[in-house]
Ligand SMILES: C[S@@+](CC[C@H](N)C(=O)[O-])C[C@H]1O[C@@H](n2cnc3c(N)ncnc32)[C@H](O)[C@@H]1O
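Just the one chain here, laid out as structure tokens, in the form predicted on its own.
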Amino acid sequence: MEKMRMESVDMVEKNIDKLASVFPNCIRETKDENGNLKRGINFTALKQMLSTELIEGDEAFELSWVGKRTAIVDANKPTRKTLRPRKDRSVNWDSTENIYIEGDNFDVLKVLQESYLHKVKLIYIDPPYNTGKNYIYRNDFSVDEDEFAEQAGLIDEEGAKLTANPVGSARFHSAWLSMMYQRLLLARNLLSPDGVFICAIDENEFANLANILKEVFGESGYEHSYVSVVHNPRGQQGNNFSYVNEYLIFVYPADGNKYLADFPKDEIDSRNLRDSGTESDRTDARMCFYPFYVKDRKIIGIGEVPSNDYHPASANILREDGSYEIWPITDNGDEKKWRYARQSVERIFEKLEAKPGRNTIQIIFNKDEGTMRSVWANARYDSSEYGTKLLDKLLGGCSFTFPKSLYAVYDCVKAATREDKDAIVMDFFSGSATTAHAVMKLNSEDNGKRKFIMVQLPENLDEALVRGGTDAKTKASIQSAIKMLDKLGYEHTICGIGEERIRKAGAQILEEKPLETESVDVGFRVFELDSSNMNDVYYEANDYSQGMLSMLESNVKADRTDIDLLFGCLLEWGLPLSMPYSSEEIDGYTVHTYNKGDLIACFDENISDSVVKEIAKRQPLRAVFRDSSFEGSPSKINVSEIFKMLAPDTRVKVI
């Protein structure tokens, strides 16, 4: 009977599979460190397959830094970590499809590789900006940790781990690039073919991030657009410039017109169709002077170009049928022209609308509908007003350092998912969970069913409080957060802030429009990244004698529950974490059914044949048992025969 791996997918093998399908002649046999045969790549042959002539030399156009190759190796290594459910910290556990994960996003992204492969429509992240004080996201290095730390500069002169990235150090850019690069490699696998990746950043690493995004996603298959967001109109004073903006880097398929949905008309800089400025008079373009007919604020028709000697009495002329005749005339009576000629305006008719102006009805052309401007300067993007103050009010006095404006994230989610209201939205630098808030708010306004996956490192706020280099304002922010978490009885981590924000934001959304939002999913399932459910001996059996193995009571850790094991199996089978499940007693044994039969599991000892037969009769797609559920090989053979007879299409595994 097949055993489950209980570890994430081997990315090297996955990549070799992809290459083998395109370049089978570049696959060769090699041996691993134990002398066993395995597949490898003939890189010389592969290089030649990608060139029409012999290439000499090692020069190439690329961004390189100390630790890059090690970062790639580490990203390809599987992890044995798992996600453990935390129902006590969740909201609407049984019905919600939203996910909140506490843990280092590097391992979390590895753990999610099978369950969410090519399923995420939007990945939005707001990573550390590498300003010299950022916490460095450390990894559980599969390669030699000291070697990696030395190469990537993650230790100081005394060999101690660094948690900040001081400006001027040799590792300043390299450490940050390694941290980001390996996470982007993993995140790319989760993005759907029509998915959009958006990353917020400031001037410190904008250029480097843009380059590694082009390397990870490729330049030919993806467009890379850069948006300047005015997040603080007052600015942050620098030596020569007052910084008022940050950046959003959009990465989306090259045929992106299909994927970035029309920006809402009330959130773009719409233009008056009446021309202004130089060469905007009627006499500058005769064919651009004609009337529109408007009734009940709707444009019902377009008139013809009049003769040169016809002069309308005013900009808005009431007609006998109750409609208005609208001309491009100013309040001062100056005859202007429309921006488009009569024969051309019909092609953009659907993008026109009538709006009441100060004294006259205006014809508005939503010129940028379907596109986004490269500068977002609306007051809604102010991170102080709609970030810090909004969060402070929502959480009742708890401040948080530099939260994003809710609307800056909201507009990103809307642009990428407006036409896909069932989309999965991921943020693996979740922070105060602004992205989750934005998803719920958007769902409440357009009746969407988007789901979010938030991932956040549970950084300890007590440690951050005493960390060297923390300024007075940041310390005050951390202290207020700790005070709030104490009232709620939560651990002092950033995750506590994020989870509470989702709770409060969800409650507020339901309270504001109780009848319109009753179907909005404001719950979330909480999971914690943890070590494997299995004892170490499970993976290192070759190091133990048969006699030693027989003395071991179980290959499952003593503190793990059935639900821990169930969700661990879901991750390996590639099933999402958000589906409904149930547990029931059958002949004294506990049986778990996930999503109406996608998987049925029983982790009890010495399972009877009657229970095995009952599970098989239900013909699940997958069935999982513990290895110790059966007394020996004869029992396992019997189980296999039962499934062959009653459910031949069911895949059966043991842990």
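Start at 1 with the first residue shown and count on from there. Quick caveat: nothing in here was measured; it's all calculated off a predicted structure.
Below: the form predicted together with the ligand, not depicted.
Visitor: Assess the spot marked by G103, P403 and T434: is the ligand within 4.5 Å of a heavy atom from every one of these residues in the predicted bound form?
Guide: The answer is yes: all three residues contact the partner (heavy atom, 4.5 Å cut-off).
Visitor: Can you pick the one in T82, T417, N98, Q456 that has a heavy atom within 4.5 Å of the ligand in the predicted bound form?
Guide: It is Q456 that has a heavy atom within 4.5 Å of the partner.
Visitor: Just one of G195, P127, G496, G506 has a heavy atom within 4.5 angstroms of the ligand in the predicted bound form, so which one?
Guide: Of the candidates G195, P127, G496, G506, P127 is the one lying within 4.5 Å of the ligand in the predicted bound form.
Visitor: Select, from the options 571 to 579, 425 to 433, 185 to 193, 309 to 317, the stretch whose residues sit within 4.5 angstroms of the ligand in the predicted bound form by heavy atom distance.
Guide: Looking at the other structure, the answer is 425 to 433.
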